[in-house]
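In structure tokens, one chain follows: the form predicted on its own.
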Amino acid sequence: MKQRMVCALVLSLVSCWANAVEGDPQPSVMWEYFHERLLNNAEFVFDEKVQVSVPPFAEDARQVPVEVDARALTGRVEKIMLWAELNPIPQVLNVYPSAELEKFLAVRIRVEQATPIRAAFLMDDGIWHVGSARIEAAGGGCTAPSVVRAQEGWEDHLGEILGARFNTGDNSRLRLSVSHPMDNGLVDSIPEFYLDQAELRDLSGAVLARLEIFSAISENPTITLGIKGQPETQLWLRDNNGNEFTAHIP
């Protein structure tokens, strides 16, 4: 019986490694699954021009910084996707940028265990350019109790937005922080309650970027976007309960 179990385990491992894709900088048996589920089996390339930066170890698995810099890519970006492959809720963020955005973003996420982090840029040639990194973690970031909910009067600050713009030569970066618990439904007796949509607009109302947000993002989420020039902007957000929040960012 024990020998049969060992053989079954070996066969299972061989099968998993057989599914790893050649050339993957972070070999993962889950790549084909996400290639089909998120990228619709479209043409892709693992591209070193898409730089994904994470700390070597998640000291706080509830607040893991991820930075994506793809400014070396040429062409127009149609869509950006960010996900953590081994999270129970893998998707982090989808961005639909205008030509006014740089190919740069940063965000803090939750991680449940050590996992590859992927950022994929769909370019105007129809090809996904994928960058990868791996974060080591002790685990539990997705199922840990909420810190926000433990703070007295947190409801009074729901939706408060802090925004700042930092000049980077001729361009700028917008750092946006929103007070919200971002409940993911994985903690007992606390239903999903998270920001799920956002738009960054200029003062005329034109959309500079549209974001689809998932509950893998950390509590009190912080998002940084690179923007061309130094325009004044407005941020609009909505959560899955229909609450809407806005702020002007000079």
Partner chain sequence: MRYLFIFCCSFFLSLSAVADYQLTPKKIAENTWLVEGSTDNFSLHNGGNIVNAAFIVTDHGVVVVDTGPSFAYGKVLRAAIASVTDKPVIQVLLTHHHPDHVLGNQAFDDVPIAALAGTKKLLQEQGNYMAENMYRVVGDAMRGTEVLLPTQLVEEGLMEIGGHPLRLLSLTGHTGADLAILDERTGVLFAGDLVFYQRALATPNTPGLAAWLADIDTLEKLPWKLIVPGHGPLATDHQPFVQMRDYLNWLDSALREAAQAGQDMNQVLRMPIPERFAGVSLTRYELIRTVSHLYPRYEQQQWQRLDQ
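Computed from a prediction, not measured in an experiment: that's the story for all the values here. Positions refer to the first chain, counted from 1.
Below, we turn to the form predicted together with the partner chain, even though it does not appear here.
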item	value
Option touching the partner chain, based on a heavy atom within 4.5 Å in the predicted bound form, out of E43, E48, E59, E32	E59
Listed residue that, although the partner chain is not shown, lies within 4.5 Å of it in the predicted bound form (heavy atoms), from G185, G205, P27, P55	P55
Heavy atom contact within 4.5 Å of the partner chain in the predicted bound form, the stretch among 192-200, 218-226, 34-42, 205-213	218-226
4.5 Å heavy atom contact, L86 and the partner chain in the predicted bound form	no
4.5 Å heavy atom contact, D124 to the partner chain in the predicted bound form	no
The partner chain contact in the predicted bound form: S177, any heavy atom under 4.5 Å	yes
is_contact(A72, the partner chain) in the predicted bound form, heavy atom dist at most 4.5 Å	no
Stretch 146-177: residues contacting the partner chain in the predicted bound form, 4.5 Å heavy atom cut-off	G159, E160, I161, L162, G163, A164, F166, R173, R175, L176, S177
